[in-house]
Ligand SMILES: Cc1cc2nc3c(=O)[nH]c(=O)nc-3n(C[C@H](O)[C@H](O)[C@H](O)COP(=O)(O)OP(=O)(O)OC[C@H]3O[C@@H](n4cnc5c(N)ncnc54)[C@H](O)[C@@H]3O)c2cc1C
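We begin with a single chain expressed as structure tokens, specifically the form predicted on its own.
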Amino acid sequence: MSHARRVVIIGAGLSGLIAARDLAFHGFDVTVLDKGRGVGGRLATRRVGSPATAVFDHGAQFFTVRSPEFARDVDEWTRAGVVREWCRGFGDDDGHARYVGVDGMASIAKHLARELDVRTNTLVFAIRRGGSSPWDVVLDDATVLPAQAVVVTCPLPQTYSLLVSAELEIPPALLTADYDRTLALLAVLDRPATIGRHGGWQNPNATFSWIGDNYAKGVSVVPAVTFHASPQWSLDHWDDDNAHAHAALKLAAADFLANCSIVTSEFKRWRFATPTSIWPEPCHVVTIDSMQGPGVIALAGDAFAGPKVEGAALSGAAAAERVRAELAAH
């Protein structure tokens, strides 16, 4: 069986889904794998409580648009009713629209994934040189997916572990990149809070670097606030057990909830929240010659084109374009 047009993409976040969409559009046989229960990665939306469900964006909170390439995607998502403008700043308006998913940030990923072969709850164990194809993508249950190209969009430390057996030369500075951590509190309230202007509050030097009111944003019909601890606070408390870290976040959050109370809350750990350095190119590509033809590995994600939603999208698009170009050149 020929695998000359098969591409496996590891990671069903925005970068991986954009790459998959673009490659599928150009006729490639694309499979997207993700270890999580759903698509989205950092575009994470969680529902808490019953019967009145509170909805939280607990990863990426919003996004802006600065490039014409990303603007075309956002225009399509807007027409499709997937995203809408939230506001134009959380202090003085700066003219840059902040966009959100209409049903939470994960709705963007679900929109992109709807016509793709996406397999969640699927853990990739390794990428190695193949027998019937340039690459074999090996799953934890020993299933092997042959491919001519593999696009890896998970955090770089996880990427490194997958590529150990691939026999590739990858710049050490790329695979040893570090990430800030985030500890998060998702708080369901008994009444609406007053969180900054438009429901958003930012201060990178405070205990909380971000506070987002999902009710004011229009995502949740129940008062629900996302608290992201700052990178420094998260690092200082990373080794605390869950109960102590959860309690400390609730105590700090009380300063912002003077007229309401927490009904229930959840505590989240986000190990690879934000890359501490950005690779100077939108993706990194390695091409090998094999008995089965050229084999391409493309590394992409928000560590390449910027730690924001737009950066992840542009990195995924760049990886798809490079895969196409490398295979066409051979």
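Source: prediction; values computed, not measured. Residue numbers here begin at 1 and follow the sequence given.
Not on display, but discussed next: the form predicted together with this ligand.
Using a 4.5 Å cutoff between non-hydrogen atoms, residue 158 counts as a contact of this ligand in the model of the complex. Of the heavy atoms in residue 296, none are within 4.5 Å of this ligand in the model of the complex. Taking the partner from elsewhere, residue 35 is found to have a heavy atom lying within 4.5 Å of this ligand in the model of the complex.
Using a 4.5 angstroms threshold between heavy atoms, residue 30 stays clear of this ligand in the model of the complex.
Proximity to this ligand in the model of the complex, taken as heavy atoms within 4.5 Å, picks out 296-304 from the listed stretches 296-304, 47-55, 22-30, 280-288.
The partner is not shown here, but in the model of the complex the stretch 122-146 reaches within 4.5 angstroms of this ligand through a heavy atom at 122, 123, 124.
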